[in-house]
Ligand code: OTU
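This document opens with one chain alone, in structure tokens, the form predicted on its own.
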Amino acid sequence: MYEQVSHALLNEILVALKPDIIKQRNMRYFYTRLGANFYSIHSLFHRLYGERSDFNVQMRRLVEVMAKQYIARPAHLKKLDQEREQNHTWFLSQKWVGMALYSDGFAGDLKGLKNRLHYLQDLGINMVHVMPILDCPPNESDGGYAVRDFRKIDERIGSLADIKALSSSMRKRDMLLTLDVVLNHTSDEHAWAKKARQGDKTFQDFYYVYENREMPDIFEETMPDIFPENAPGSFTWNEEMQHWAMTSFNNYQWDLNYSNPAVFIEMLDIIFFWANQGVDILRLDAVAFLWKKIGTSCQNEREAHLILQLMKDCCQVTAPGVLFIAEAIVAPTEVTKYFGEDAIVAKECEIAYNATLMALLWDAVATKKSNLLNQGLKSLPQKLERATWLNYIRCHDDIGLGFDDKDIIKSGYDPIKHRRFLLNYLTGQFDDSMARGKPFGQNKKTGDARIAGSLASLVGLEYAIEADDDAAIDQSIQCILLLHAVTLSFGGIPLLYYGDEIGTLNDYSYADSEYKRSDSRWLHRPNIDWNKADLRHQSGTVEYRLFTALKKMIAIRKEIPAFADYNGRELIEVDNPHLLVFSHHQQFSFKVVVVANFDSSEQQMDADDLHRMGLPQIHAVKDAYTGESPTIVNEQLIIPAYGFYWLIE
């Protein structure tokens, strides 16, 4: 019965569409996809907004936006949509290797980035996440995440013509372009917020605004502080509006109210706008925060998942070749829900950040043991089919220590003491620590904090160079390569962070800026020194050793089909607390075993363990990275300090 009502409404909507849409030619694919997805779209929209008196009007507006953006979609992108529909697991291939970068820090602007694509290609990068480039207030931008205009690029970085030129050049090189859409909030300087401040009720309904503290106080009973050091609380008083606005992040970022369908439709229209500029993957920022409910943390609510499912279903009609990344830095049991709950294939976002692996790797670096790493990976839920992880070591953001307390205890540690140890170790508070991180987001009430710093400085390269200690430099380089070896072989899309490929150190110049000095994350958001980058061609330099090794590692990864992400990974327990061991298989016909040593001294593993993993006699095994046989002594596999193997038959 409900399905009949849905189809009747669809017919009514199609008849009511404006003549300029009805008369369009070449709408066959749109109507076919709309018919196939409309029941789900209508059902989800009704679950979110069905009690509103204007439901049918809003439903008609939703379909109209989808149709208009399909009409606006360039022909070459429609062709690409069809190709990707026919090969719907195309992004699970092991050939994809990404890099996240700030275009201004990397190359000055978008034109500069286009001119530096050859550098990325030389390394083997074929997916580029260009960090936020949209128009923001110059001094209250949150690194580009406080957007003032969702359809305008920061004029210092470039223009729409520049992004189209970049996309075109990347597509010719078989490279994917990833851009951000900030879903949860806008800048308080956005046109919607300005109208709200002026008293426009229509746009006040785009946000959570209240005349007095009654509702804000109730919300804040259960909402955690995201930035307790710089922006405590979740509401900000606006003098002009004489209302409190919900500001989960910074006081200049107003949370959008998705209980209003007009907000959903506007943000969907923005997603389509960027898809039509040639973007292959859209990183949806802060998706865990999309639905606010009194009495909860206002994170990971069921309705947030319904919103993402609805966005994906709508995108399947208008731009089905575009993928979504869920930026949800939440517990492992929660993050996999952003692929889709109660599903086999992804029905929300096809890609999610593997923040669990990232944090666990830093625990292994600090402890030189894999206890918590192994335990935490056991607790990482299986991803869905047609979904994949982004595996990374560093990113633009901080390193959180949000491990599950149960996993910490099972690993033999006290949760509070262990987190305190990690914070102190990674910020160089111990004599034997060479790490040069800084705390971020310190909570004075709890003593908790996250960690900022570049990969190279956190593993001791900055210290080693300053001390002119060749042995320490060697050790730091080996640790960097070990971490990359894990993310490149874990299964998923490895995502490097710009500068890591040449050992870029902390950038302390942020302290000179009035608007940055209170945010230690700018420590690892550098401007690339291209004179240093050119040292990658000079044998023996740090830059050469890192770039050359990573280039080789990436090339070999692309040759190993078992690294494609088809749920073929198996974690292997071995009797050595310093080792991480896992295997991959491809349809049971090809196997690779990854062995990683997080200790600063060489370790051993019984050769019988390899037989248990399905590899042949140890002397018939080769390391795919070196092309040579691994070191065997007395039937023991010898793994060098901070060493790794990709073992194949």
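Numbering starts at 1 and follows the sequence shown. The structure displayed is predicted, hence computed values, not measured ones.
Note that the form predicted in complex with the named molecule isn't included here; everything after this is about it.
Between 199 to 207, 285 to 293, 550 to 558, 366 to 374, the stretch whose residues reach within 4.5 angstroms of the named molecule in the predicted bound form through a non-hydrogen atom is 285 to 293. The named molecule is not drawn, but in the predicted bound form it has a heavy atom within 4.5 Å of H185. Of the heavy atoms in D500, none are within 4.5 Å of the named molecule in the predicted bound form. Shown alone here, D507 lies farther than 4.5 Å from the named molecule in the predicted bound form, counting heavy atoms only. When contacts are judged by a 4.5 Å heavy atom cut-off, I329 counts as touching the named molecule in the predicted bound form.
Contact check for L34, K68 and F272: none of the three has a heavy atom within 4.5 Å of the named molecule in the predicted bound form. Interface residue among K312, R450, H418, K337 relative to the named molecule in the predicted bound form, by the heavy atom within 4.5 Å criterion: R450. The partner is absent here, but in the predicted bound form a heavy atom of F249, alone among F235, F219, W522, F249, sits within 4.5 Å of the named molecule.
Along 634 to 649, not one residue places a heavy atom within 4.5 Å of the named molecule in the predicted bound form.
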